[in-house]
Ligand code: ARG
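One chain follows as structure tokens, the form predicted on its own.
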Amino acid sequence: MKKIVLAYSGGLDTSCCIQWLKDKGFDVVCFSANLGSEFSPVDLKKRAIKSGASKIYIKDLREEFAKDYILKWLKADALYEGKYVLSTSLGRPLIAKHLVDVAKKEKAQFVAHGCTGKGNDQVRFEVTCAILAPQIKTIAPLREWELSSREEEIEYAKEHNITITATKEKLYSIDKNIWGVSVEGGALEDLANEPAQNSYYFVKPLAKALDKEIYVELDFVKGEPVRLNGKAYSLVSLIEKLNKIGASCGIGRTDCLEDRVVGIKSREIYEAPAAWILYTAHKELEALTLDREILAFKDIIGQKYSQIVYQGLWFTALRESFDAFVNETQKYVTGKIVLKLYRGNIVIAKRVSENSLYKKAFATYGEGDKFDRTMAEGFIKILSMPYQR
């Protein structure tokens, strides 16, 4: 019997994939990566075996995800189209990397995923697999099977006694990890409507958010957040704590109309409190410690960085080259940022760094001003010279 390793999440699509692949004559081995999943390892194992898998590998990859993927993103400030913190995108190359490793261990000639035929994740999984193990063939059931909608998948699951959580009343596709939650599909596809209350996953709606200001103190060392409110945490723990704090304050919910890799626009709802808090603090510390030319060029790098991650091109020389530049910029990004959180707002309250380029004696309009005003006239003349005719 042909052996195939399926990237299994426990959701509707991959649960149906097990049965479909079995019907095609495959021995299905599942691989689940715990990046902060909504399902427990016990639940995942039970679901996979009940759905027909012969075996399942479950790996806790949260530490690797945080240190080798999220931290690199944070240092690069790589927002996609100015709104998306790449929570789902960052996890896909890591999952695909371990999927390939399991396939090699199992001596399987095939891997599979549960991504749709018009989504981004099919690209991210397959490009990564092709780069890391071109000899292993990828099968994408959702591009081949006869099921044409999530409603039909739900019926298929019922017919085959597959345990699922999706319903016809709540058709959202949800992906969750420690860096954020993505919600798409269902009622969100109608752009004329604002997201319904049941589309919120864990961030409090503004009307129900805490009605008080919460202060958050973050210490960074060379671009890496190391302490929260004066206490040292691992990056995973720090992210998890910020997610809880931010969610209670209504922080981190983004309604995105984004450009998919395959060329269509889609609407995605993202909830990423920790990501937005850390991005804001890190960006502000960079503004304090980096000169304007580095900041300007780094914005260009960050934009391109976000595009290649979004497209699934993590394991490329270009991304590694960007990291080399970004890491060089971070040697001065050490200090403390205090933020004030209130009902969806993130406000800068305090900035401190021994590497600060801000000099009050030059910036002040009050007593103690040391700026030599006599230099301004000559500077202005030189600056304007190329434009005079």
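Numbers follow the displayed sequence, beginning with 1. In this text the structure is predicted, and so the values were computed from the model without any measurement.
The next section is about a form of this same protein that is not shown, the form predicted in complex with the named molecule.
Partner contacts here mean any heavy atom within 4.5 Å of the named molecule in the predicted complex, and among 313 to 321, 286 to 294, 86 to 94, 153 to 161 they occur only in 86 to 94.
The named molecule is not drawn, but in the predicted complex it has no heavy atom within 4.5 Å of Ala130. Interface residue remark: Thr280 is not counted as part of the site for the named molecule in the predicted complex, having no heavy atom within 4.5 Å. Residue contact with the named molecule in the predicted complex: Asn120 places a heavy atom within 4.5 Å of it.
Within 4.5 Å of some heavy atom of the named molecule in the predicted complex lies at least one heavy atom of Arg124.
Shown without its partner, this chain lists Thr138, Ser306, Ser173, Ser248 as candidates; in the predicted complex, only Ser173 has a non-hydrogen atom within 4.5 angstroms of the named molecule. Only one of Phe220, Trp179, Tyr270, Trp73 comes within 4.5 Å of the named molecule in the predicted complex through a heavy atom, and that residue is Tyr270. Residues are counted as partner-facing when one of their heavy atoms sits within 4.5 Å of the named molecule in the predicted complex; in 1 to 33 not one qualifies.
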